[in-house]
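Presented below, as structure tokens, is a lone chain in the form predicted alone.
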Amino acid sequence: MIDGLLILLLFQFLGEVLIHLTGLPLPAPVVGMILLLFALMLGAPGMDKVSEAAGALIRHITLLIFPLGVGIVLQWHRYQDNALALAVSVVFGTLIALVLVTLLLKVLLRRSSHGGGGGDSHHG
């Protein structure tokens, strides 16, 4: 699992480097996730270890979200000042994420049903 965590951190680092070198107005972790997505789609070696690490992180996601909730409560006055902008960005961000996850799932399911899933994974 340590290998998978290191791979995840490596892609976040690559995102930081790419943002630093190009000055793109994107969050570096998002760029790192996009790079990780390409690596997963291309079947880069060692990507099977990422699944185990990601699963462990997802199992404990409540521990990762808890500090965020505390920070929101402590900075509530700032959120009230920018409530409209935050609401719009949350709604549109959620919609964009849902569309992207749906498209990714369709691509992965199509790829899996064409022989990438180990033989008998034929999904309707």
Partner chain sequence: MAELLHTPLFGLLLTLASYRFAQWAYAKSNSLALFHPFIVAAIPVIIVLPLVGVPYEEYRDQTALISFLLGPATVALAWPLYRQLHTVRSVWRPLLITVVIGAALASGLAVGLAWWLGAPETVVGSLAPKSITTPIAIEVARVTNGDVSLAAGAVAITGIVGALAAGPVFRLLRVEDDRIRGFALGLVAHAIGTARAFEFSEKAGAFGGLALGLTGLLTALALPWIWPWVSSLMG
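None of these values were measured; they are calculated from a predicted model. In this text, the rigid core denotes the largest set of C-alpha atoms whose superposition between the two forms falls within 1.5 Å. Numbering follows the first chain given and starts at 1.
What comes next is about the form predicted together with the partner chain, which is not displayed.
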{"item": "Proximity of V17 to the partner chain in the model of the complex, heavy atoms at 4.5 Å", "value": "no"}
{"item": "Touches the partner chain in the model of the complex: G71 (any heavy atom, 4.5 Å)", "value": "yes"}
{"item": "Residue contact check: P45 to the partner chain in the model of the complex, 4.5 Å heavy atom", "value": "no"}
{"item": "Non-hydrogen atom contact V101 with the partner chain in the model of the complex at 4.5 angstroms", "value": "yes"}
{"item": "Residues of 21-46 having any heavy atom within 4.5 Å of the partner chain in the model of the complex, listed in sequence order", "value": "L24, P25, L26, P27, P29, V30, G32, M33, I34, L36, L37, L40, M41"}
{"item": "Threshold 2 Å Cα movement between this form and the one not shown at A44, rigid core reference", "value": "no"}
{"item": "Core superposition between this form and the one not shown, C-alpha change of A83 at least 2 Å", "value": "yes"}
{"item": "G69 C-alpha shift between this form and the one not shown of 2 Å or more, rigid core reference", "value": "no"}
